[in-house]
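Read the single chain below, which is given as structure tokens and is the form predicted on its own.
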């Protein structure tokens, strides 16, 4: 590692996702921490695409990663789609750069070609396990004769390239986890170029970090085992080594790593976008996965995060993905929007369901959103909470019917009577506004010794099919007299 720390005003950090699927919550957290670190120190944030896994990498995944990061507001200063002074920023386009370094390693004797077949490698691994060795490769191709090499080539063997690991301990200085020394006996000669000629992650990553002048590598602790290997490669090539900072894993509620394989869409950033989470809420939530400013503050604006973020406050242990906290944060940010902005935000969800179009009265829609109030956890929640405003094609909630309309014939008869009378009252009142409607309903219940809640719930179910939602009188006025009377008659007929 460099003897002299890199000045923070020259900070260059990078996010290097593999385009083999959607952007993971953990990947978003890594991107955010790098972005915040760069912004805090007035540095540069780079988006580099690690697509050396050609069998699994797709352009579709790459575009989805771009889209998710842009939705979060994590714009990059250099990258594959915008260029920069150290491009190209897509690793599959940098093969000629890697070949130069591979040649250097081979010619210097710091790397060698390995001709072992898969069957031979499995035999070596089996023997290593039996001997309880920490190395699963015995270095047998380190000193091959030319005659042996020619024989392998005649056999059609396609070699990999392996780095010669040093015999001396490797020191890893980590800005979060501290310093540790790696015993060389635990390191084997790593494959750095596959038999198909494609260089692998540990080679390309450290070369790109050096070529792109990366000063700090901030990434998840799943890369801890890669760090000493990359340091060894950098030393063999005489490259500058960045400062490393490994951030803790994101865990599920059982303490297991949150992963694509085991948690599916739960960890996909775009899933939350589609469900109506706001990017501000996601950023706030993700920032608190492993970082804290103090024991009190939970809600941070982006500007506050930039001002307060630093690696000193990143913890060493894993952080739990708490969906309830995310929902709470999202609800907070939704409720910070004024009615007009909130209406804009929920409009796409109504449109996707075919509930509204360009001709739908905007003032009416804003009044619906205002009536819903602070009940939204996600923007998508607008659908079950408001669908009945746009259509009477709904079923009555069975539990609500049983509780409020009655299971017995006598209770049903009483409910029919209440609804019939309320319908007549609402038909006869002269002014169909909030105050008049409310006064007429309460006058009827009080004069007839009917519990207010019973009358309200009976009518709510008739109008919405549900036993919960905005104020009943808001619903009545927003639906309008004709629609209310029609729905009450439908419920009477049902009963």
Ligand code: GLU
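Numbering follows the first chain given and starts at 1. Computed from a prediction, not measured in an experiment: that's the story for all the values here.
The protein also exists as the form predicted together with glutamic acid (GLU); that form is not presented, and the subsequent description refers to it.
Annotated contact segment (heavy atom within 4.5 Å of glutamic acid (GLU) in the predicted complex): 219-227, selected among 219-227, 170-178, 114-122, 141-149. At the 4.5 Å threshold, heavy atoms of residue 50 reach glutamic acid (GLU) in the predicted complex. Of the heavy atoms in residue 484, none are within 4.5 Å of glutamic acid (GLU) in the predicted complex. Taking the partner from elsewhere, residue 388 is found to have every heavy atom lying beyond 4.5 Å of glutamic acid (GLU) in the predicted complex. Though the partner is left out of this view, residue 160 does not reach within 4.5 Å of glutamic acid (GLU) in the predicted complex, counting heavy atoms only. This chain is drawn without glutamic acid (GLU); in the predicted complex, the residue among 205, 215, 381, 284 with a heavy atom within 4.5 Å of it is 205. Site annotation in the predicted complex: the residue of 293, 333, 201, 300 reaching within 4.5 Å of glutamic acid (GLU) with a heavy atom is 201. Using a 4.5 Å cut-off on any heavy atom, none of the residues of 104-124 reaches glutamic acid (GLU) in the predicted complex.
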